[in-house]
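For reference, the chain that follows is the form predicted alone, supplied as structure tokens.
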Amino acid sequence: MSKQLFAIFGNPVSHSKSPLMHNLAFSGLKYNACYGRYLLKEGEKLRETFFALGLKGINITVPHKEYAYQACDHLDPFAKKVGAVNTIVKKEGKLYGYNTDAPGFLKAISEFKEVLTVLFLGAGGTARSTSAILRDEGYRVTILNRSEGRLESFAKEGFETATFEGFKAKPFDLVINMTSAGLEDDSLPAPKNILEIVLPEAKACVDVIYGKETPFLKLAKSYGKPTKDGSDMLLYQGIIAFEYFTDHRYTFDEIKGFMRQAFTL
């Protein structure tokens, strides 16, 4: 059997740990495949790029998760519900779309106990999928975003939403940065005057960015808050994606044993 090719599409993508994670698992499990990265500048070209590169499957990171949704021929029920795809697998010439962000995120925050109210900073594709699964699990989620446009779909689905200008601060158990703010610069995901109100009241703070202490996490730590970056979320969603890539040939724990090495190398 010829080697199967997988990749991650995003912009930026050079920082991604996904190739290391997946290649460690492919090697450790002796699965004939390799995984690379592709800087995709135009999300509308995702589908044609996938086929041009001869890929078997991809992961998709910011800012292309909604384009990935549109590129698929078939959608997993949860991906269809939330309108965001971060994992695509080719089967018999058709593209099948899944969302592994949300279940990975849910597992990652499960260590925080007695959390009921959650504030999302940002309203992109990751926020769309995770807000749905958190609500299904009983959390109360509010979405705060710079502009009104991206909030419309959340409001239609019954979520409490607010823009920076119209936000009326109140306590939240968990505050989560769902944006790329702080990934390549020193920006914060929301105005500092808002964060200085909500962070002191929070039980914990999470950033979906991994591999660095972002300005958001630094600010949270200055208030003595427990913090978590996106490493566990990345690991868990990667394991679930790997299960799809390999048609569920391996168990979660078998894959985890190899993938977690990417965070210690």
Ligand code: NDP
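For every residue, the number given is its place in the sequence shown, counted from 1. Source: prediction; values computed, not measured.
Form predicted together with the ligand: not shown, discussed below.
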In the predicted complex, the residue from Val175, Ala79, Met178, Ile88 with a non-hydrogen atom within 4.5 Å of the ligand is Met178
Of Tyr31, Tyr210, Tyr67, Tyr38, the only residue with a heavy atom within 4.5 Å of the ligand in the predicted complex is Tyr210
Answer among 193 to 201, 217 to 225, 59 to 67, 38 to 46 for heavy atoms within 4.5 Å of the ligand in the predicted complex: the stretch 59 to 67
### Task
Verify the contact flag for Ala123: yes if a non-hydrogen atom of it lies within 4.5 Å of a non-hydrogen atom of the ligand in the predicted complex, no if not.
yes
Can you work out whether Ile239 and the ligand are in contact in the predicted complex, taking contact to mean some heavy atom pair no more than 4.5 Å apart? no
Margin query: Is Leu234 near the ligand? Define near as a heavy atom within 4.5 Å, in the predicted complex.
Written below: yes
### Query
Taking 4.5 angstroms as the cut-off for heavy atoms, does Asn145 touch the ligand in the predicted complex?
yes
